[in-house]
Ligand SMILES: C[S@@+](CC[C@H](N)C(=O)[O-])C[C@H]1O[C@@H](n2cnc3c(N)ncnc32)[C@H](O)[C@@H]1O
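Only one chain is given next, in structure tokens, and it is the form predicted on its own.
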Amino acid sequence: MTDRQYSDARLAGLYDRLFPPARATGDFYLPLIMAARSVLDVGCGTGALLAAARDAGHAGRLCGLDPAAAMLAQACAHAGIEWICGGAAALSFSHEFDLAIMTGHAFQVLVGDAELRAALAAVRAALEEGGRFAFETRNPQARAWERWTPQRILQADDGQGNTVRVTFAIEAPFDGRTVTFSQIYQSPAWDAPCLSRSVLRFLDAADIARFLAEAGFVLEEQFGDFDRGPLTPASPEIVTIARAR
């Protein structure tokens, strides 16, 4: 769940431990990356996916972008990859990549229409004609936010023998468009808890298709999960592959 909240170096260092990517996520995106000559990862977080591609033998251009400097500091430990600190709308590439991806539900951080349109326009400009854009967003019909309660607890070792515990709380429930929630990080090694707030937008498949078409994309495929299952009302995800026209 990448977000601008990870500007805190302490939280950025914990991200991969607390939110390790699911096997199915890697199984979906990694073959797309390996088949592409040049890849732009928008909202790359700690850079784990691009690093995995390089380790698997990808010999082409790999570029990761994230607005959180602390996350990029983690990513920069991986050599041989371009790392850029900034938001999607600030991209200035012109037809340089044949694949762009947004993983970790980073697409949902684009809350406003103007922000979303600017980001999609920048991604479209960065892609060659016929280039592909792959991303996922939570299916609003699955109502994932109903499970973001104080009873949901994550914990991980911080690498120094200290346990960090994370709990969740909804601050503003789903209003037909967004959910605002907080994550509370606590550790016996810390003087005080760390509170992080996020606002995420939930778009349905029709709205995703509309925004993509406006930005110059053709919807190629949509799935309900990372195993390429059909998109149904009960599907947890809307996994989308679009092509630049």
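All residue numbers refer to positions in the sequence shown, first residue = 1. No experiment lies behind these values; they were computed from the predicted model shown.
Below: the form predicted in complex with the ligand, not depicted.
- Only one segment in the set 205 to 213, 31 to 39, 59 to 67, 173 to 181 has residues whose heavy atoms sit within 4.5 Å of the ligand in the model of the complex; it is 59 to 67.
- In the model of the complex, Gly87 approaches the ligand with a heavy atom inside 4.5 Å.
- In the model of the complex, the ligand sits within 4.5 Å of a heavy atom of Ala106.
- Contact check for Glu82: every heavy atom lies farther than 4.5 Å from the ligand in the model of the complex.
- Taking the partner from elsewhere, Cys44 is found to have a heavy atom lying within 4.5 Å of the ligand in the model of the complex.
- Across the proposed site, Met71, Leu110 and Glu115 without exception bring a heavy atom within 4.5 Å of the ligand in the model of the complex.
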